[in-house]
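Given next, in structure tokens, is a single chain: the form predicted alone.
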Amino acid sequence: MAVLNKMRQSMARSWSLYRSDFRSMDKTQIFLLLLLTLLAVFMLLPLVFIFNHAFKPLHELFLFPPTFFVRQPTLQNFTDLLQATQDTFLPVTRFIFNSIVVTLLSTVGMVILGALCAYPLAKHPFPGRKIVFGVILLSIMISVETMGIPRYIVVKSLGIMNTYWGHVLPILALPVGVFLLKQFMDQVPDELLEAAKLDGATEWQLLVRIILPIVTPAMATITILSFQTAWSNSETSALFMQDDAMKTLPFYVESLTSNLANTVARQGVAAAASLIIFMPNLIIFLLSQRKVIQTMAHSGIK
């Protein structure tokens, strides 16, 4: 009861503050508030649809006209997902485990590699620095599909087919991450680094103890982008993994409804699997949204 009373008092104080702020607004501010509220609700509709879609029974998935909200929620889709691989040698938990391992290795690797690449581009004026940075920016515009054959040849030559490194190395470079980190590192005063060097700091200490703590918002943003790239990637499983035991959950989800005689079978399973793939991205973003907002707010400040 004490906890409930505290929650009620807190909500009452918040509501009173909101009412006082609302009364002090002019007509333009009220209009903008209502407009932004409507936009926020509209942007939340895809999230609501994903959750409702995963809990719809099969007959609701194919209703016409389609329904936005689930009428008879069920967990049968998730049960069918776990049972979908019982007739094979691999359970769905194997694909989930592979995705977790690949995502962790890829995310850590992309963040570290991006920081190590952005630091010399931002703070060491070596010859050809602008050309290197221009090539990195140019690589953002290159379609991934055009690099399929060269990447396959490289991965096969390295002998990492059907290994976790075959998942990680092809996606390890993140040009967007290098760009964002360099823009933030450019804002760090050179005088601060010079003072640290006079105190005997090495290049590694400058990066770890001074640069990275200052660019924490950009690091959080790169972590989110890296996580989303690695968690949702199915290309490496399709190109470099012939062993089914090394494939990831996104590839398994894509294979649920492919090569079937009709488009009805396993749609409920695919909806449940899509929610499972989506949830980690949502959780990571919610935990780091403040850092992302700081990145967008300060990315253009010199």
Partner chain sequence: MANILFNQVYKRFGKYKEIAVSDFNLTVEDTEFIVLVGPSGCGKSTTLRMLAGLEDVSDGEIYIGDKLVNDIPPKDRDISMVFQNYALYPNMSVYENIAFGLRLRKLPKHEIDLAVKRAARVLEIENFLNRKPRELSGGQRQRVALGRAIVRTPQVFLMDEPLSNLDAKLRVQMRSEIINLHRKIEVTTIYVTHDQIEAMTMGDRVVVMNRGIIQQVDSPEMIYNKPVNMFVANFIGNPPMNFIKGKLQERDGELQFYTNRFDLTIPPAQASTLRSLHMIDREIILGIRPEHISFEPHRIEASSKSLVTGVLQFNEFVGSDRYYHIDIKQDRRLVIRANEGIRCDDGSLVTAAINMDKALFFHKDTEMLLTK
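Numbering follows the first chain given and starts at 1. Keep in mind that this is a model prediction, so the values were computed, not measured.
Keep in mind that the form predicted together with the partner chain is not shown, yet the notes after this line are about it.
**Student:** Out of R129, R71, K156, K197, which one falls within 4.5 Å of the partner chain in the predicted bound form, going by heavy atoms?
**Tutor:** The residue from R129, R71, K156, K197 that makes the contact is K197.
**Student:** Here the chain is shown alone; which of L138, L116, L192, V144 has a heavy atom within 4.5 Å of the partner chain in the predicted bound form?
**Tutor:** Of the listed residues, the single hit is L192.
**Student:** Report yes if any heavy atom of H124 sits within 4.5 Å of a heavy atom of the partner chain in the predicted bound form; otherwise report no.
**Tutor:** H124: no contact with the partner chain in the predicted bound form.
**Student:** With a 4.5 Å heavy atom cut-off, would you call N162 a contact of the partner chain in the predicted bound form?
**Tutor:** N162: no contact with the partner chain in the predicted bound form.
**Student:** Indicate whether the partner chain has at least one heavy atom within 4.5 Å of a heavy atom of T202 in the predicted bound form.
**Tutor:** T202: contacts the partner chain in the predicted bound form.
**Student:** Although the partner chain is absent from this view, report whether G134 comes within 4.5 Å of it in the predicted bound form, heavy atoms only.
**Tutor:** Because no heavy atom of G134 falls inside 4.5 Å of the partner chain in the predicted bound form, the answer is no.
**Student:** Exactly one stretch in 210-218, 167-175, 74-82, 96-104 has heavy atoms within 4.5 Å of the partner chain in the predicted bound form; which is it?
**Tutor:** Result of the contact check: 210-218.
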